[in-house]
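A lone chain, given as structure tokens: the form predicted on its own.
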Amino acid sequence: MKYIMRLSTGFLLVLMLALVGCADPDEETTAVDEPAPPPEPEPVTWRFALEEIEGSVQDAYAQEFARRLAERSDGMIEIEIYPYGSIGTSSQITEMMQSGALELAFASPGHLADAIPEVGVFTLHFVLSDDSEVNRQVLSDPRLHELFHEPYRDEDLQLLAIVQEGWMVWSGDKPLRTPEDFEDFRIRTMTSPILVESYRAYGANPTPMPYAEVYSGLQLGQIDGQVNPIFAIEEMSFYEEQDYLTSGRHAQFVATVAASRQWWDNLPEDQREMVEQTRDEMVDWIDREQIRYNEERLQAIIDAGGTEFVELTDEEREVFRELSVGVRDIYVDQAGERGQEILDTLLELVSEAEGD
């Protein structure tokens, strides 16, 4: 009996070895050596904070930016948009980007110049062209962007885009046609030292104030007037407290789209390329939108009645232009050699584009 059991056991071993020997060597190798499939990419959500409310030019930009990125990424990139005031003031939003707590935001030179003096060039008066198309070309020029690369990186930010949002317009209870009209006029400005000096050069009393407090400041008589593009004056109802809007075409409201340096540096290459492609596509689109926004909002103000729109003549503008030139020296004192190079390049690009 024991002999039969040993024989059966031996037979089974021989049979198992034979079966293994008959196995397809390719199948065996494949089963052992085939790498595990790569993990499926997971959707990501980025936060984009604005310095303006819903319905603004910045909101239009962010909404279209989000739509295009979602389409380009097949729905793998979702952007949550936070209008002004929902997560903080302009300065707080910038601080959140610097710390890596926020991925994307608008950062306007009017407050950002406190940290990056070089960006104060966009608050200087009469440095951009009278032609919006020229300005669009200049503000998207890689030569200008490259000069801002290091200043932004030094503050833990990554510059993505420079966007013009429309001509800045003065408001008040009187037309502001001459420097005499600005004498001791309390005009609300952002915190930029260059903006403050620009209005001091006109004889005004510049008064920095948070954007959210401007309406009550006008209502309570804490300020005599303010300066913003038309669409902002309409959407924030500033015109309700002012009798006149004066357009001197002295400056465009320029905002920059920035990202957290920490986040940008760790972004996968394919996602970074999608952001840059989307950004480049939107240059013409947002410029057409801002023109439409400002034209429609001006008409809404006029239709509402009670506010008169005044445009300065070329002769009146020239007086302000001459007074503004000295502020460029103050800018260079604050921004140093990099600021001088940026100012020279900006003026050269404008001249070059106007000559085309």
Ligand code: 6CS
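None of the values given here were measured: they were computed from a predicted structure. Counting begins at 1, following the sequence as shown.
FYI, the form predicted together with the named molecule isn't displayed, but the following is about it.
Q: Does A232 make contact with the named molecule in the model of the complex, using a 4.5 Å heavy atom cut-off?
A: Yes.
Q: How about D287 - does it come within 4.5 Å of the named molecule in the model of the complex, if we only consider non-hydrogen atoms?
A: D287: no, not in contact with the named molecule in the model of the complex.
Q: Mark N135 yes when one of its heavy atoms lies within 4.5 Å of a heavy atom of the named molecule in the model of the complex, and no otherwise.
A: Outside the cut-off, so no.
Q: If you check in the model of the complex, is I194 within 4.5 Å of the named molecule, heavy atoms only?
A: No, no contact at 4.5 Å.
Q: Heavy atoms within 4.5 Å of the named molecule in the model of the complex: which stretch among 61-69, 296-304, 316-324, 45-53?
A: Stretch with heavy atoms near the partner: 45-53.
Q: Is the named molecule in the model of the complex close enough to F122, F148 and L159 that every residue in that trio has a heavy atom within 4.5 angstroms of it?
A: The answer is no; none of F122, F148 and L159 reaches the named molecule.
Q: Which one of T278, T246, Q242, S108 is close to the named molecule in the model of the complex, taking close to mean a heavy atom within 4.5 Å?
A: None of the other options qualify; the answer is S108.
Q: Select from the listed residues Y152, Y202, F253, F185 the one whose heavy atoms reach within 4.5 Å of the named molecule in the model of the complex.
A: None of the others qualify; the residue that does is F253.
Q: Across 74-99, which residues bring a heavy atom to within 4.5 Å of the named molecule in the model of the complex?
A: Heavy-atom contacts to the named molecule in the model of the complex: only S90.
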